[in-house]
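Given as structure tokens, the chain that follows is alone and in the form predicted alone.
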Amino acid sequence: MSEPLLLFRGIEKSFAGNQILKNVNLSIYPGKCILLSGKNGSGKSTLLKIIAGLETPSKAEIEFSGKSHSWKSVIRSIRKNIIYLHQQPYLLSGTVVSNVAYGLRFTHLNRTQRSDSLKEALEWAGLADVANKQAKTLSGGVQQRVAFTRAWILKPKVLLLDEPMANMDYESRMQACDLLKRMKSEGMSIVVTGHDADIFDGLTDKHFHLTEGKLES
């Protein structure tokens, strides 16, 4: 197996004196998918947010490029390569195409390159036929695909997904899983939380269960 892209070591987190995460270690490999399961309130979302740089841990180290660093000293420099998606996709008012294009304004691509990337992304996700529809009027499954595509177009190295299949019907789940498999095949690392491992069959490389603040394989 290749070297880890990122290795999070000794993650701890407490809220109001209650320790949610206890010395959690997690290695993220290029092009691999990790499934995190556990009861509601077990700390899955908190762990994802720490990895994304959105939640400050009580203690943690990050190892990459062969060196170990404190979470605080390096998280800002690495989180540009990490995208976190909440369970409920946050969509802007406007069309599908405007939502997918949103992040491109912060890249160094010129207008022609942005247009080409946008066309490729809509075709990649099977969204070309709804490109000009209002994103918030579409079904939950299609909205999630829009959110996936808005992340994919920015080419992050790591995609963090918090209960992405919740409230989806079977067909929508299969379509979403197909997109995730394609992301993984392109080298993107994925960490996803979910209660039903069967949904992610064929996608998951490692399955960890978070219980009493610790990861168990």
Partner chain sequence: MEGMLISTQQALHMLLTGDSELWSIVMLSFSVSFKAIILTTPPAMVVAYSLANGNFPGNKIVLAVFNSLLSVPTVVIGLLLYVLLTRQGPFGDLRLLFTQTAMVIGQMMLCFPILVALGYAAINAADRRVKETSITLGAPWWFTMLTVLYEVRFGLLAAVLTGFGRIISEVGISMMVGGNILGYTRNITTAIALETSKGEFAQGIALGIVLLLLAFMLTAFLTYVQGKQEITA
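All values reported here derive from a predicted model rather than from experimental measurement. Residue numbers count along the first chain shown, from 1.
The next section is about a form of this same protein that is not shown, the form predicted together with its partner chain.
Colleague: Sort through 108-116, 67-75, 121-129, 81-89 and report the only stretch with a non-hydrogen atom within 4.5 Å of its partner chain in the predicted complex.
Modeller: It is 81-89 that comes within 4.5 Å of the partner.
Colleague: Quick check on this chain: which one of Leu26, Cys177, Leu154, Met168 has a heavy atom within 4.5 Å of its partner chain in the predicted complex?
Modeller: For this set of options, the contacting one is Leu154.
Colleague: Within 4.5 Å, heavy atoms only, which of Arg173, Lys59, Lys184, Lys49 is in contact with its partner chain in the predicted complex?
Modeller: Selected option: Lys49.
Colleague: Give a yes or no for Glu55: in the predicted complex, does one of its heavy atoms lie within 4.5 Å of a heavy atom belonging to its partner chain?
Modeller: Yes.
Colleague: With a 4.5 Å heavy atom cut-off, would you call Arg150 a contact of its partner chain in the predicted complex?
Modeller: Contact check for Arg150: yes, within 4.5 Å of its partner chain in the predicted complex.
Colleague: Even though the partner isn't displayed, in the predicted complex is Ser93 close enough to its partner chain, meaning a heavy atom within 4.5 Å?
Modeller: Close contact exists here: in the predicted complex, Ser93 approaches its partner chain to within 4.5 Å, heavy atoms only.
Colleague: Spell out, yes or no, whether the shortest heavy atom distance between Lys133 and its partner chain in the predicted complex is within 4.5 Å.
Modeller: Result no; Lys133 lies far from its partner chain in the predicted complex.
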